[in-house]
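Heads up, the chain below is alone and in the form predicted on its own; it's given as structure tokens.
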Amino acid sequence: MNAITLPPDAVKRARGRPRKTADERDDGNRRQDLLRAAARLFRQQGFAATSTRDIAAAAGMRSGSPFYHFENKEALLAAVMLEGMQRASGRQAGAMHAAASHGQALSARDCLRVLVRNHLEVLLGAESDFIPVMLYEWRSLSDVQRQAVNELRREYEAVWVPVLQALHDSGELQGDPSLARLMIFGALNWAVQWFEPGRRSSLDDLTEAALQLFLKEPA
């Protein structure tokens, strides 16, 4: 089985940032509290049924506090989706970096296993409200907001492209890799509708089932 060279963007690490002051750290923490509360409520109740007062209460803030950080509820929704994609990309880069640091070249199949497992963790693991909100509330964004989120989504999915192409070249993936990528993401993303932690298979089990579904065994 041919090994695959991981694209540089797949394993890059975040650069260091200047040390923040205490006030800046506190302000950033409050913003993160708002994003987490908004993501949870948008997922549970829907964007239309959730008020900024609900979000402020869930974050332990006064009712007007969200407007210090965000212009309106729509801006908060866009920020939740952008935060979700940034978190997903960071987790993906970390997972690929960890997989590549064991000293052995990874096969394309192994790379896809890492990508699928990480994507399921993003969708179904701890603090997994952000990406499902993007799946549910996409139409609530403005065109400009959708463009910004789409840019991050394309960067995230770009890591998958050489992996799927290598699997197609080896005969393990049949059909057009671009269409396969869309169908794989569609199948994985749908798991947010039916997965119940503790009552169904583990994320590792889902990962192996996905590989069996999408790929042929190598010749």
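Values in this document were obtained by computation on a predicted structure and should not be read as measured data. Start at 1 with the first residue shown and count on from there.
Note that the form predicted together with the DNA isn't included here; everything after this is about it.
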- Query: Heavy atom to heavy atom, is Thr50 within 4.5 Å of the DNA in the predicted bound form?
  - Reply: yes
- 4.5 Å heavy atom contact, Arg154 and the DNA in the predicted bound form: no
- Can any non-hydrogen atom of Asn72 be found within 4.5 angstroms of the DNA in the predicted bound form? yes
- Message: Residue-level contact is defined here as any heavy atom of the residue lying within 4.5 Å of the DNA in the predicted bound form; does Gly64 satisfy this criterion?
- Response: yes
- Task: Spot the stretch among 186-194, 52-60, 154-162, 167-175 with residues whose non-hydrogen atoms come within 4.5 Å of the DNA in the predicted bound form.
- Result: 52-60
